[in-house]
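Only one chain is included here, represented as structure tokens and corresponding to the form predicted alone.
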């Protein structure tokens, strides 16, 4: 889920949406997949026609790690989304085929079923359609999507699983739906903070507890954007990263001037595991992120009014970092069900 392409191929998207079959034809032949949600998480929305089943998820996982998605068979979704880093990358801008650099930092992948749109500029409306962008992006997989589907359809295992999971031959509909099914299972919600929030008072040390209080305070207003069970309100904001942005952000999708230089507010879950930070990967460490917000950021005309100097003490910075580290879910990053 790397760089967003504003014009993803309208005809292809329309065709994908239109190629769904009747209810009976889509009736899966395998067992429902049991999605165990963490305490405090709301039910996850799942689109009709792509209900989670064992084979749909299994097929999607295989596709996620299949390098045949790229033109030269060297890059898969998993190449830029590493489980140990909450399915983000460890470099500012990931490399696609032939070492080509994309445009934006690879975002982490978890709790995706709750997102109302995808990519830093919200340019893709559904999880099923997001794969079209990286496959066709010249700097990522650089493949013609129908040709990628045609290649993958030669795999007898994929054909067998498509018939079980979707009661049809392997095609673009199956590919996009199966990937979406697997990605919905990437649920993260068992950090030290979650354990503390669910009644285990010893899960956070005293410094992390002070950091939590700071995070939730009116003075810092962090939870104003990073609130809720997923630590994001999914809105688009300018955080004063620079006076002039090379990437114009949300306006690329909406063509609305008020959206210039604005980007989707990321979840802070697993934030200590997902460096480097920001849409362009320009901030190397979490301590530097704290310093950025403490400074009040650059004087960009679109900067959110809540971004202002915080005057944090050294102890407060340390406490805030301790809390942010407590949002790491190591059960998620080591779960064999998600591994290649």
Ligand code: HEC
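Positions refer to the first chain, counted from 1. Everything quoted here is computed from the prediction, not taken from an experiment.
Omitted from view is the form predicted in complex with the named molecule, to which the following refers.
Contact with the named molecule, judged by heavy atoms within 4.5 Å in the predicted complex, is confined among 68 to 76, 162 to 170, 195 to 203, 149 to 157 to 68 to 76. The partner is absent here; in the predicted complex, the one residue of 264, 143, 177, 184 having a heavy atom within 4.5 Å of the named molecule is 264. Distance criterion of 4.5 Å from any heavy atom to the named molecule in the predicted complex singles out 221 from the list 207, 221, 85, 254. In the predicted complex, residue 189 stays away from the named molecule, with no heavy atom inside 4.5 Å. In the predicted complex, the named molecule stays beyond 4.5 Å of every heavy atom belonging to residue 52.
By the criterion of a heavy atom within 4.5 Å, residue 115 is counted among the residues contacting the named molecule in the predicted complex. Within 4.5 Å of some heavy atom of the named molecule in the predicted complex lies at least one heavy atom of residue 324. Contacts of stretch 142 to 169 with the named molecule in the predicted complex, defined by any heavy atom lying within 4.5 Å, are made by none of its residues.
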